[in-house]
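Here's a solo chain for you in structure tokens, the form predicted on its own.
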């Protein structure tokens, strides 16, 4: 059965009406393509582009500045035939997910990073824009003030010791779909955590960590990138799906993450169209469409969960 699921990131935040609207718009954009006979790849790209253009999310236009005050984005895409492409530390492209798809379709490589990735995106004619939204600039200034005061920055405990070496005043979205032909596609896009070191690549740029798909299903992960990479969680989740099915497989991976104190979340689709999702953080948000029914889920940092159903 054809289906699509999108997520707006896992972490310590309180998803509200803007998150819900963005997720609905993304899921509906992808579903419209599937419903009209389009591919899962086109569907997940369309959905992620909606979220990259929606400043409430931590990707594309909503990305956070790094330690040097610049924005560097990562994105990846993968299909059930193991075709894949990714970009890392991309500064210019308005929609990193489009650049990742072009790496897959137009090059002999899997991953392009930094200046090379930016040059490739320009040569492919992708739109560029200033990715710094006002909300993320404000977040950056607050994090910077915390760092100046000698306080630890979340997920970056060594950062205060490195800050003096820099000349400064010192989220992630994803989608997985299966189309009417039974083909699966998964993609993920992020601006990374605020104040990350320039040049840092997170799990989203690494196939198997933040994104993975094969004939058994597809996964998009979100959360603390470094442990996600170390444990190759997207690939682990797809392997678990192959062994015991989507729902039980995802719960197995989540339990493994809890035992190892990994803060992350993921959304998944099995090759039969079954949807699964879950998280180990305080909050996560997602939306899915299956058989024309739209479902949204918002879990807030205070433990309140809101689940809604309706027509796509």
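Positions refer to the first chain, counted from 1. Only a predicted model underlies this, so the values are computations on that prediction, with no experimental measurement involved.
Same protein, other form: the form predicted together with aspartic acid, not shown, and the subject of what follows.
Point to revise | Residue contact check: residue 204 to aspartic acid in the predicted complex, 4.5 Å heavy atom | key: It does: once aspartic acid is placed as it appears in the predicted complex, residue 204 has a heavy atom within 4.5 Å of it.
Practice item. Spell out, yes or no, whether the shortest heavy atom distance between residue 200 and aspartic acid in the predicted complex is within 4.5 Å. Key: Taking the distances in the predicted complex, the answer for residue 200 is yes, it comes within 4.5 Å of aspartic acid.
Check your understanding: Does residue 208 reach aspartic acid in the predicted complex, with heavy atoms at most 4.5 Å apart?
Key -> No, residue 208 is distant from the partner.
Check your understanding: Contact between residue 224 and aspartic acid in the predicted complex at 4.5 Å, heavy atoms?
Key -> Answer yes; at least one heavy atom of residue 224 falls within 4.5 Å of aspartic acid in the predicted complex.
**Study point:** Proximity to aspartic acid in the predicted complex (heavy atom, within 4.5 Å), stretch among 186-194, 109-117, 237-245, 87-95
**Key:** Checking each option against the 4.5 Å cut-off leaves 186-194.
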